[in-house]
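Encoded as structure tokens, the following chain is the form predicted alone, with no partner shown.
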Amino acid sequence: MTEIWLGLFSGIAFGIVVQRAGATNGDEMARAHLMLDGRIPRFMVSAVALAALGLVGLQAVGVGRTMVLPTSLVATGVGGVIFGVGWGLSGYCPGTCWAAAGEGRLDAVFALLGGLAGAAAFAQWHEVLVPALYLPTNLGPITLARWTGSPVAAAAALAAVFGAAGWVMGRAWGSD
């Protein structure tokens, strides 16, 4: 029961942070994609960097756990294209879509329904799609920790790269 309450609290906190960052507002997302406002992209790279450091911290005390799945170039590419088209058409990624729907944005409700329909279609065609798209270019599990030799070094490298990306975005995306 504790896990349910922790998940509920975490989801609500995530929604509040995403909403306060402006990622539930289609106009602000469009400004970010048009490189007119760098606040949302900087928020996103900061969130990934902090999550990486947080996961390393949780793993250090024996609480965090990850499951690394094999990497497939074709499946990842097709999934990335579908994700990008969906985000471009709706203005929402999956996390911001839920937060915006909770905020009462009707366009987000339709985007959410489209995402759920896509997930249902994938579940229906999973048996056909995996051998066709996933298996031919399966490269096995690939992790930054294996490349650097240490999870701490990987998290530090990720934080540094994403921090630098946030700084570059602040310069390239105009002033806030």
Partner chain sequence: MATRRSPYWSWSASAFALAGIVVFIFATFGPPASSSGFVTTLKGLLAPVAPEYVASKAHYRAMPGPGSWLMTFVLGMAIGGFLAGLTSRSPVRDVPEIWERRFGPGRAKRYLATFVGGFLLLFGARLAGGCTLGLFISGSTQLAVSGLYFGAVIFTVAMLTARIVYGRALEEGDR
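Positions refer to the first chain, counted from 1. Small disclaimer: the values here were computed from a predicted structure and weren't measured. Between two forms, the rigid core is the largest collection of C-alphas that superpose within 1.5 Å.
Note that the form predicted in complex with its partner chain isn't included here; everything after this is about it.
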Consider residue 60 of the chain shown here, and say whether it contacts its partner chain in the model of the complex, taking contact as heavy atoms within 4.5 Å.
-> no
Is residue 165 close to its partner chain in the model of the complex, meaning a heavy atom pair under 4.5 Å apart or at it?
-> no
Taking heavy atoms only, is residue 160 within 4.5 angstroms of its partner chain in the model of the complex?
-> no
Please run the contact check for residue 149 against its partner chain in the model of the complex: heavy atoms, 4.5 angstroms, yes or no?
-> no
Contacts with its partner chain in the model of the complex, stretch 17 to 39 (heavy atom within 4.5 Å) = 17, 18, 19, 20, 21, 22, 25, 26, 27, 28, 30, 31, 33, 34, 35, 36, 37, 39
CA of residue 53, rigid core aligned, shift of 2 Å or more between this form and the one not shown = yes
